[in-house]
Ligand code: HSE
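Only one chain is given next, in structure tokens, and it is the form predicted alone.
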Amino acid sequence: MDLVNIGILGLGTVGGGTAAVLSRNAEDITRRTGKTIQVTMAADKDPSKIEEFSQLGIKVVDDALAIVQDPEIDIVVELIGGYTIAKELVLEAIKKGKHVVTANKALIATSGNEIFAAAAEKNVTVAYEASVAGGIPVIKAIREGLAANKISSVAGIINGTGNFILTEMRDKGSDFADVLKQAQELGYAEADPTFDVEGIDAAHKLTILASIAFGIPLQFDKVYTQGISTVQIDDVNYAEELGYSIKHLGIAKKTETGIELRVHPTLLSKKELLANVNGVMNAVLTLGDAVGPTMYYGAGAGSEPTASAVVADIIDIARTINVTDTTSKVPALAFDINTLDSTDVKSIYNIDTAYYLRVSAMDRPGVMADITKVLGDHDISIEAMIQKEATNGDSNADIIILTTSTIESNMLDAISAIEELDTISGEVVMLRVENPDK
């Protein structure tokens, strides 16, 4: 029976989980592949890993390059993360003719075009299922399971930390800062939570999903990215009153006027599937012309959920090792690399969607009429409106408005005009409203 040697770069949460899953499920994995897959080497700077993983028969070294250059290693599993060292190691592994598995969404989103081109030239595979949504096999589902479809949109809750924070704000009435601190204490958020709460992590993942859904190059730099750190508990509560939940959504749409790539807080009707994804869970909803809407739900992070995706990629690659006919391999980005579409990515100012507005206005007659007139002058219709009474002697009251769809630049012009009214105090709060099921 053929032997496939694995080298793991990084024995942290996911690396340790990968070694454990490969060891525990070795018999079934052998039955699936007809080959023996074993982790023979791993690289990590922590000396304590030597004793811990030697029990699994793994030689642990502190030099990742030694694994990449070892002629006995067939598949390099990159679990270091980041943009720089990881990229150097992956490109070197490809240069040495080795297959690569990675969970590094930042690397794929920012350097994937270069990496996949290098892999195609050397006729090796770079697999990256674990880079999006942890253990949910959404990349394989879109790239292979939905290959018959023209996909018009992909929308997802693809960062568990942000989803946990918004869920807790809604359920417990806590402010963002208090819930973030709780998330850090529970280990859901890093000491520096910027990538999670400001949408960068989700933008990396959306970049990848859009590419395999629409057949476009990876274009992380064109994703509009807005975080949740400015979401206020008042807006969470008002959204609930209107029958909506606020979710931090990644949205990719292919329209007649271009492609939309955006990550931002979004109001979703509670009837929507994604509105009911809570806590640290992830979900991705796709819309295909033949199949209609399909949703993929599960754990988006964690040691063994993510390791599940890493090992699945290892198994897929192991099946192709020593197979001479590679013409039937699934392309890295779902479409032949020479046919990737150059459709423009739209500016956020040109998207067409509905909006939630919160206006702080003087509690006196005629204010509502003034606001309604401004919106009407900009051809913006009102879907729903709530006027709150001023409390605790405050002279201002909140007016909550849901609009019908309009171009964002038009909405911003209308907001500027509303803010110039003498009866309006401060800035108007604006959140986008989506209906991703349709």
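If you superpose the two forms and keep the largest set of C-alpha atoms that fall within 1.5 Å, you have the rigid core. Just count from 1 along the sequence shown to find any residue number. As the structure is a prediction and not an experimental result, all values here were calculated from the model.
Just so you know, the form predicted together with the named molecule exists too; it's not on screen, but the next bit is about it.
Contact flag, G300 vs the named molecule in the predicted bound form, heavy atom cut 4.5 Å: Because a heavy atom of G300 falls inside 4.5 Å of the named molecule in the predicted bound form, the answer is yes.
Flag G112 as yes or no: does it have a non-hydrogen atom within 4.5 angstroms of any non-hydrogen atom of the named molecule in the predicted bound form? Output for G112 is no: heavy atoms all beyond 4.5 Å of the named molecule.
D201 versus the named molecule, in the predicted bound form: is there a non-hydrogen atom within 4.5 Å? Yes, D201 is a contact residue.
For E190, is any heavy atom within 4.5 Å of the named molecule in the predicted bound form, or not? Yes, E190 lies within 4.5 Å of the named molecule in the predicted bound form.
Using a 4.5 Å heavy atom cut-off, which residue among T102, T266, T161, T286 comes into contact with the named molecule in the predicted bound form? Checking each option against the named molecule in the predicted bound form, the one that comes within 4.5 Å is T161.
Of R262, K205, K253, H248, which one comes within 4.5 Å of the named molecule in the predicted bound form, counting heavy atoms only? The residue in contact is K205.
At 4.5 Å between heavy atoms, only one of the stretches 141-149, 307-315, 348-356, 190-198 reaches the named molecule in the predicted bound form; which one is it? Correct option: 190-198.
Superpose on the rigid core, then tell me if the C-alpha of L180 is displaced by 2 angstroms or more between this form and the one not shown. Yes.
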